[in-house]
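Here are two versions of the same chain, shown separately as structure tokens and labelled structure 1 and structure 2.
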Structure 1
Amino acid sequence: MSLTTTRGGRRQRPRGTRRFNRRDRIVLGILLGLAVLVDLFIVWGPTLASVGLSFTSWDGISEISWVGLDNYRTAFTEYPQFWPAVRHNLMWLGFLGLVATPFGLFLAVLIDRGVRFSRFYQSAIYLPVVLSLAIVGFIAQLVFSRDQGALNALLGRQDNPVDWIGDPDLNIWMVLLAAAWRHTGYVMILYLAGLKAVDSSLKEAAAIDGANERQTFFKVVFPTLRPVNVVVMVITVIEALRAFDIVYAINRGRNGLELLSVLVTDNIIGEASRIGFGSAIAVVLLVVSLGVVVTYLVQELRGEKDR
């Protein structure tokens, strides 16, 4: 890809050729080529291969056999965990997008107004982001366990304990809370960075015009955050669709905590190797992701034209 770009330059592109001499082209060719090759080799090639595998039956050891759309049919009609997983992924997206992300923005705005101890607030709220799977799983056990957990003790419900994790109607909400716990800090930091870069003269001008704080924010500040909004949107979607580790740490994504990523893992990674079937579920996840990617690309292209 990079090579065509450079070669394109040679074909009398006025602004290209002028700037790139031979050495430049070598540098560009090697470094861009390397990056593109790594990306194609690690990400895109295997992804396409997985799409191919999704039409096969393979246990990872014996021969691969072609089964057409069977895996998809099985997933859609026979696999009891499939539709709940889709639903949970969408709930995840909705909850992060409508609750956690706005909350992160809200916290960022509050902190950006210049409160004391802002460093402490930032650190405390961001801390969950850096924690690994193991500790998150333990914390969930610690807080939500029916018999020994802190939540039931705190609510004084030891005699009539609530089964926060075992009750399939309830546990997804607890997990969403945990997910929001990790997502909010991330969003907050991104917006905080964006807000700090907003030209303060804009705000002052608005204040002089008599706008109150809320109006200033929505009319003046928020529109200038567009680039951050795009990033946050992309990250929110990634986190929602790729959501995996919290449910995996709690109960391996079973009994009301099914997610597509977990079903893929269950079928592909473990000793259970239904690779074709797992790939089919992965492709479903892929298609959903691509929907978002396309939306993002369209937006980005438009933005590019505006520039």
Structure 2
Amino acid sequence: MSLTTTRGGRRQRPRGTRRFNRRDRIVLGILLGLAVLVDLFIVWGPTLASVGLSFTSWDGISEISWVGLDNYRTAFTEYPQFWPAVRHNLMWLGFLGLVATPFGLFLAVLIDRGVRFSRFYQSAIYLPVVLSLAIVGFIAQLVFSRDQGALNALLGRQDNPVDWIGDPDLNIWMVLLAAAWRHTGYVMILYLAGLKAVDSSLKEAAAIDGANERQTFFKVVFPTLRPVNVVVMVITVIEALRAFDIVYAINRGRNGLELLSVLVTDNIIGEASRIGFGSAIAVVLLVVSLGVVVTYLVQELRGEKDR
């Protein structure tokens, strides 16, 4: 560390630099160590345990027996709910990523332009975010219920009601609308914060160069939102693949609403208590989640490096 000399001949350290003493290092070590231990205990410990248990047969009471890849083979070839659950999770991811997320960005752009009552719109759209997905599931039941639902009453179909959440061909789409209702507000707030941070001089320079509003947004504004895009992408993947509460509140994730998270719960804490088999499904969910997120982040990092 370099030192500077003052008028009196004394040497002092440059401003902005500070050497940690022994007490500081001990405090930092304790604080960081506690954070790492909590992370290992709550996140990585159960994760690694699930990976290990996925190769075993265990009901939580009897002795653990090693079965190798049998749990995965059973899930892929003999478990009838597995592939519908995979399809529904991918539909969830596609709907949130291709419909709800762009719509949240669209609302953020509109509010950022300073429309009248923008504070009211911002609060109203964000309001569902403070609700848990279980509460959103109960609200979906009130809206889409066959006999007393608000949607059938609004459409005037009390005499010939549509079973929106009982029909396996329709209920997944109704639940996706409810989940997107909550997800849109979250995305809107994130993008709105990103738009507020965009340097206005960039927009002015684009206008001077003759760019219209559409060209300015896609050529100037949207590229500057790259950090927000990464956060939104990761959140969207997590929200899509960990979905559980809303379908469990509606019909316990059955009859067209099967999800991998529901299958994990049913097998691990259900009557069968097939902890090894449920852990195998959980590992599949983990691999899919990491695969999507890591692939996207690698592409983003490569694009950033190329620039």
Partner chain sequence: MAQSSLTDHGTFGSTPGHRAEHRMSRRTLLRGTAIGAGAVALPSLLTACGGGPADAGKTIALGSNASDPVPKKAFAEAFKAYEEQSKDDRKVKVNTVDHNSFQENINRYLQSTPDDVFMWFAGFRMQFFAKKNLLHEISDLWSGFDGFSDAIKDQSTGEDGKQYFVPYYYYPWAVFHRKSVFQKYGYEVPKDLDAYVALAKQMQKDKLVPIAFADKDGWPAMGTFDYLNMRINGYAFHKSLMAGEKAWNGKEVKEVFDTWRRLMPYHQEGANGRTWQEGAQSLQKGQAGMTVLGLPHPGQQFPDADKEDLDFFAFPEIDPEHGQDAVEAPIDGFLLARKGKNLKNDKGMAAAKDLLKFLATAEAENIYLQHDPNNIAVHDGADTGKYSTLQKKAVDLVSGAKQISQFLDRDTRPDFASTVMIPAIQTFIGNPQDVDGLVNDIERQKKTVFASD
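By convention here, residues take numbers in order along the sequence of structure 1, the first being 1. Take the two forms, superpose them, and find the largest set of C-alpha atoms that agree within 1.5 Å; that set is the rigid core. These numbers were taken from a predicted model, which means no experiment stands behind them.
Taken from the form predicted in complex with its partner chain is structure 1; the remaining one is not. Fitting the two forms on the rigid core leaves the C-alpha of Ile238 displaced by under 2 angstroms between structure 1 and structure 2.
Relative to the superposed core, Leu32 undergoes a C-alpha shift of no less than 2 Å between structure 1 and structure 2.
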